[in-house]
Ligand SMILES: C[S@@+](CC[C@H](N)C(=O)[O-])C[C@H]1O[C@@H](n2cnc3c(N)ncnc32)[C@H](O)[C@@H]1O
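Next up is one chain by itself, shown in structure tokens, the form predicted alone.
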Amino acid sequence: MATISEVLSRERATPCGDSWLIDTELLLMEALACRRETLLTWPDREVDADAQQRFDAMIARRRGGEPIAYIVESREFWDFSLTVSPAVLIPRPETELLVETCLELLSARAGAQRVVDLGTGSGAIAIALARADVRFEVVGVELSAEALAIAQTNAERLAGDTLRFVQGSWLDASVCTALGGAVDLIASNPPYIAPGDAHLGRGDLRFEPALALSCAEQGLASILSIVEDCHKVLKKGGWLVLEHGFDQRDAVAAILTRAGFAEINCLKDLAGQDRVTRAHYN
């Protein structure tokens, strides 16, 4: 049997760059069910046959380009770890800006707050908001039954009774009925990549659900639908918070302006890219 050091050394010989070394460590930690400290502290520990088999299978999947998150079936987001699968978009650090923006707006308001997360996917946004304050009554809306099952699994482990889910498309009639009344804030990280965009054929996006990534109208169809229908449930004085593409700031602002929103403000992510727009509903 090979030792931890020998397994890692073998992979270090692969000319795939520093990111591959990080991936190798993560997958070996998963195969051994250990923390990184174990790899560093006990490099001479033997990797038993079962762990080696698990590692070999995972490393083969990674060589094929499959995202680490899908291989280990988890991804860190906010202050917790989510279960993920190819049925859901992999939560990204950029989306934490959307959560931060929502919490800033909600925390400035007194009393209970009703919040909707449209296109909840893994439940990342909804769970982060529900965990933040017991005053927040959160509803996650998701069209995909497979994604909804993942979200519910995550919520059972991570969130309390202030979070529930509804299956449906954006703010269609069935969703509005299920919401059962007006809400104070609508948040969404909708699909916003245009069909045929070259990015869809690169990296992790090749493996993620197309429904969560791309839509018509140059990637703006979902945002258009949300903005056009939000008057059905959003209270006067409420907020709409949207994640969007780095080059969609002006288009999103124009859509919101036409719909009568005010205080439209676009925020930049950690990379300095336009990423989240918030708007006040008059």
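Owing to the predicted nature of the structure, the values given are computational and were not obtained by experimental measurement. Start at 1 with the first residue shown and count on from there.
We do not show the form predicted in complex with this ligand, though everything after this point is about it.
Of the residues given (163, 116, 125, 151), 125 alone sits with a heavy atom within 4.5 Å of this ligand in the predicted bound form. Residue 211 is the only one of 194, 103, 72, 211 with a heavy atom lying within 4.5 Å of this ligand in the predicted bound form. Stretch-level contact check against this ligand in the predicted bound form with heavy atoms at 4.5 Å: of 197-205, 155-163, 138-146, 107-115, the positive one is 138-146. The candidate spot formed by 24, 67 and 86 is out of contact with this ligand in the predicted bound form: none of the three has a heavy atom within 4.5 Å.
Shown alone here, residue 169 lies within 4.5 Å of this ligand in the predicted bound form, counting heavy atoms only. Within 4.5 angstroms of this ligand in the predicted bound form, the stretch 82-110 places a non-hydrogen atom from each of 89, 91, 95, taken in sequence order.
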